[in-house]
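Just the one chain here, the form predicted alone, laid out as structure tokens.
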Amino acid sequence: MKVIKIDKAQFADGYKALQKVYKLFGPVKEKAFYNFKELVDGRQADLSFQNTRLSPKSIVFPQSEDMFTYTLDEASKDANQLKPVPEKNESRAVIGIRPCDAKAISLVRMNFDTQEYKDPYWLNLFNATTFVGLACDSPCQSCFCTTAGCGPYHEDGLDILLSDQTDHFLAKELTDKGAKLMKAAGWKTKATAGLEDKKKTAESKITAKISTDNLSGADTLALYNANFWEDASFACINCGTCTFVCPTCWCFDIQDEVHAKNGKRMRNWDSCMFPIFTVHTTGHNPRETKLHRVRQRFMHKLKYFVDKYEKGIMCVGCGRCVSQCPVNIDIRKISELMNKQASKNICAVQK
């Protein structure tokens, strides 16, 4: 894996070259916040950001996405047929994605790309995208990535990892897709230094943590029936903020939108925190109360996912849900409660 030096004065030239080959996305400041947007009209990624308000998961999993179109007009040869929306196969690149967000996309892939089921919409966008990461040298106070199976210089899910060196970037090529992008940009000056020293410094700045060591061996029903869930869910207002800002949440709903005789079928983000998310056509709701919904969210991320995939927790420690929850529900505190309960259960079994 090569490490390339990119002078910041030459970065703009690389952008221009890349825009001839790729549809580019990157962090852009909008009022007080940064979010990932398509880089058009000469706009460049603002790599001075600390973190974005929303994760860039929408680049491969759009918040609203057309799946099929149809017409009920009997005069049309396509009447009463679902016509697939053309695939989006153009080459795309995300510039400046944080390592935690790239790791999150790898975790989400385990849901959308299985041996039994492969989601064509998600995979088409994922396969067409090159992920250029930006190492996190100034992590947010709410970040706890180093204890969530990730880190500020984590490489999982990335094709290139950039490290800011004040007047230049060091770019570590990680995959063939990454090498192809570097060639297209014209960035080829080999570097003499590596990234290890800055990696250690960045990791040392992260002091927040999450406790998960007992969860994989815990009894699921004992955690489900633990007595702390009522207190944990008391403040929740079911706004869904935690799920929309979370890079590993993948819940969606499918709806039809019709105008006159023409319509389309869409998939839209949804949230397990919304009261109607699990309402059956009979009217029955198996998660009728907010206790049920809060418990489901944390059990899914910290227990069900752990047991099903054996790849750690369904969280990368980005801290967005911690900093943006309007009632200060903290996944780190919930995990601590679950981990302690799991420890009690393990000790009881051993006795």
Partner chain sequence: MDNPYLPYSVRIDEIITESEDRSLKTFKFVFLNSEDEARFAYQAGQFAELSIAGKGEIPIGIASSPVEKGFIKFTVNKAGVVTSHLHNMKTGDIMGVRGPLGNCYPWEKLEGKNVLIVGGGFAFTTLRSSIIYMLDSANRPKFKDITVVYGARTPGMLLYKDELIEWEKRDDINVHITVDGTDDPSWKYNVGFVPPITEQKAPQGNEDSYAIVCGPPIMIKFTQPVLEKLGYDHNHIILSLENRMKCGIGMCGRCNIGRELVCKDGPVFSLSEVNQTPREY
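All of these numbers come straight from a predicted model, not from anything done at the bench. Positions refer to the first chain, counted from 1.
Form predicted in complex with its partner chain: not shown, discussed below.
If you check in the model of the complex, is Asp73 within 4.5 Å of its partner chain, heavy atoms only? No, no contact at 4.5 Å.
Within 4.5 Å, heavy atoms only: does Arg295 come near its partner chain in the model of the complex? Yes, Arg295 lies within 4.5 Å of its partner chain in the model of the complex.
Residue-level contact is defined here as any heavy atom of the residue lying within 4.5 Å of its partner chain in the model of the complex; does Ile237 satisfy this criterion? Taking the distances in the model of the complex, the answer for Ile237 is no, it never comes within 4.5 Å of its partner chain.
Distance check, Asn80 to its partner chain in the model of the complex, heavy atom within 4.5 Å: Yes, Asn80 lies within 4.5 Å of its partner chain in the model of the complex.
Among 90 to 98, 199 to 207, 270 to 278, 161 to 169, the region lying within 4.5 Å of its partner chain in the model of the complex by heavy atom distance: Within 4.5 Å of the partner lies stretch 270 to 278.
Could you spot which one of Gln141, Asn227, Thr114, Thr189 gets a heavy atom to within 4.5 Å of its partner chain in the model of the complex? Selected option: Thr114.
Using a 4.5 Å cut-off on heavy atoms, what residues in 302 to 336 are near its partner chain in the model of the complex? Tyr304, Asp307, Lys308 sit within 4.5 Å of the partner.
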